[in-house]
Structures are given as C-alpha cells and as structure tokens.
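Only one chain is shown below, in structure tokens, and it's the form predicted alone.
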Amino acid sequence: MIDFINFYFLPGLVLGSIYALGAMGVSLLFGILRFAHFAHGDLMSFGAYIALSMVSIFHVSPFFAIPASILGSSLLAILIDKVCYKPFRKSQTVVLVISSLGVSLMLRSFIQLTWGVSLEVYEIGVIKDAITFGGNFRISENHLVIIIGTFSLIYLTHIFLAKTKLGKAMRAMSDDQDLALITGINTERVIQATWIVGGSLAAVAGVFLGSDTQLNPRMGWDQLLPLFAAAILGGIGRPYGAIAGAMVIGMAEEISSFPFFGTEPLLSPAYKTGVAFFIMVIMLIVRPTGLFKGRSF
C-alpha cells in the first residue's frame, strides 16, 4: 500500500496537476473562442524555456522564474491572437483550427532556433532528499511544490472567474456570446483576458512539467493529447470539469502500470498516452458532452 501511494498515487496526482493547468486553459479558450487551440502545448513549452533562460542567467530556482514565464507567455498569446486568429474570427471554425496548427509549428521552430534541440534540465547534478511524512510516505520537494502551486492557482482562477467583473463577463460570454454582446460586454477585452489567463496557466504548466522531467522543444506538443482528453472528459468549455478530467487522466496513466496481478505492470509505461486516448474515445462515444455537460464537437 505504501509503495502504491509513493510510486503511483502521488506521481499520478502530480501529473494530473500539470494536466489540470493546461486543460483549464484549453477549456477556457474553447468556451469563449469556440475552437480547439492546438498550439496550447507549444505555448507551455515556450513558458518552460523562458524559465530556463531565467535559471541560466540569474541562477534561481525555476519556480522563482514563473512570473517571467507568465509575462512572456501572456504577451505572446495576445500577439498570436491579434496576428493569427483575429483576422479569421468570423470564419468557419476549421480555419482557426488549421491556423492554430500553423502557429504550433512556428512556435516549435522558434524554440528550436532560440534554445536549440538538445535536452535541457533546470538544475544539473542537484539531488534533493525526499520529504517524509507519516513515517513511510515520501514525496519530493518539486512534487510538493507542483501540487500546492496547482491547487493555489486553481483557487485563484476560481476567485477571478466567480468574483471579479471581468471573470463574470468571461463566464457570460462562454455561456452565450450573442447575449453578452447585447448586454454591452466588451468582447475584445474579454478575449484578451482569456488569452492572458490561458497563457499564464500554460506557462506555469510548462515550468512544472520541465521541473518534473526534462525540457525539449516537443515537450508541450507531446502533452496535447492528454490535455484535450482531460478537457473532453470534464466537459469541453468547462474549466472546473477540466480539473476533474485532468486528475482522472493523470491518475489513470500512472496507476495503469501498477502490478495489480503478480509482479508485472498491468500496462507498460510506454502505453501511458494510449490510456488517455482510450479514455477520450470512450467519453466521446458514451457522453460527448463530458462529465460536467460541456459542449460537444
């Protein structure tokens, strides 16, 4: 039982936390802009690499570089919207989807040209002792920061959406854009705020992912399937549903390799992404609107 918690449950919670931040951004953008943003994973990568530059220049922890990542990713997200998406906002959805694929390729190429194609890490040769609690339960310092940081950001995002005037306008526009226009909501301001929130969440998710593994230009793109699986499972367009979906996907990926029968893993760790894909397909067939009754494709 202790090994299950230390090596499967807690890593699943960490992975679900990273997915939750990215999936919330995907869900918010879909709810307001009505298209699947396939460049969201590469926006995560961009935020992670900004943190890498801060770590290299100022020799700080990647977690202290998060504000710079948030600023850079938010500004980039606003720029991308104005240049690549705003001209096609009245076009069919497929045009915006294809545009986001082009943006994804450009972002990945920019990262490769700027930071190179080699694997990178935030801290070289740093081994930190795990934090022990309850005698036998162990968790690394990075994992503890990721979990606490994720739930803190989820709470702050909830406060923003539920209590602020701009957050309420975002929710209104997500529910009914035409009614939002009639009531005098500044839709362009709402869209800009959505990109700032989505870009910020993506940046933090990228830094958390980089601190947990390694950095490479494809790191965000490789996470795109689990992010959309989480958003669809929770109900696309429903940020709170995306959190629940992300936790389910993260836990399922990690626990699927637990040796339930004998000593061999139930599924090879190489099939983790397949678990996310399987859950997404089943949900699309059985309940296309997701657990929290979001929009269907």
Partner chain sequence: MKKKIHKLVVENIVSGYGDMDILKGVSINISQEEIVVIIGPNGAGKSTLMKSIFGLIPIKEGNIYFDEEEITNLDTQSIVKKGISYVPQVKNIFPNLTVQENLEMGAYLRKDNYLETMNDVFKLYPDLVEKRNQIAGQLSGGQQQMVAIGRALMIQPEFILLDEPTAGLSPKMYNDTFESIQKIKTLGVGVIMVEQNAKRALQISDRGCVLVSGENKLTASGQSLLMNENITNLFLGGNE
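Since we're looking at a predicted model, the values are computed, not measured. Numbering follows the first chain given and starts at 1.
Below: the form predicted together with the partner chain, not depicted.
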query	finding
Among the candidates L113, L156, L119, L179, the residue which, in the model of the complex, approaches the partner chain to within 4.5 Å (heavy atoms)	L179
Listed residue (H143, R138, R171, R108) with a non-hydrogen atom within 4.5 angstroms of the partner chain in the model of the complex	R171
Option from 212 to 220, 80 to 88, 160 to 168, 94 to 102 whose residues, in the model of the complex, bring a heavy atom within 4.5 Å of the partner chain	160 to 168
T183 within 4.5 Å of the partner chain in the model of the complex, heavy atoms	yes
The partner chain contact at E123 in the model of the complex, heavy atom, 4.5 Å	no
Residues within 4.5 Å of the partner chain in the model of the complex, restricted to 226 to 255 and counted by heavy atom	R238
